[in-house]
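The form predicted alone is given below as one chain in structure tokens.
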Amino acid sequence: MASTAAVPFWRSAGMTYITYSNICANLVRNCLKEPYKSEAISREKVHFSVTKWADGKPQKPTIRSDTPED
């Protein structure tokens, strides 16, 4: 049986590590002064492609651009 004494606080709070690291990154970006703040926020934008498959063949990919929520 595993001990719960060594559980990271983010896991005991019900978060994944990705959620925890995103919260920390947001806090750091919000603490920056201009012009560094706007530069950091512009690097946060994410662009990716999603391809759906039907009958074992890829369909036309769609490009998504997700920006952080304010």
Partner chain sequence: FMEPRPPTPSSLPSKLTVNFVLPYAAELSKAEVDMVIVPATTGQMGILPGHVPTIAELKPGLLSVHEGNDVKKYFISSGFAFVHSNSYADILAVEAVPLDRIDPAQVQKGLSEFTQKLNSASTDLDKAEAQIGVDVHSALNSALTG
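Residue numbers count along the first chain shown, from 1. Note that this is a predicted model, so its numbers are computed, not measured. Here the rigid core means the biggest group of C-alpha atoms that line up within 1.5 Å when the two forms are laid on top of each other.
Quick note: we don't show the form predicted in complex with the partner chain, though the next part is all about it.
Among heavy atoms of Asn30, some come within 4.5 Å of the partner chain in the model of the complex. A residue is said to contact a partner when one of its heavy atoms sits within 4.5 Å of a partner heavy atom; Lys37 meets this definition for the partner chain in the model of the complex.
Not displayed here, the partner chain is kept clear of Trp53 by more than 4.5 Å at the level of heavy atoms in the model of the complex. Using a 4.5 angstroms threshold between heavy atoms, Phe48 stays clear of the partner chain in the model of the complex.
The Cα position of Lys37 differs by less than 2 Å between this form and the one not shown after fitting on the rigid core.
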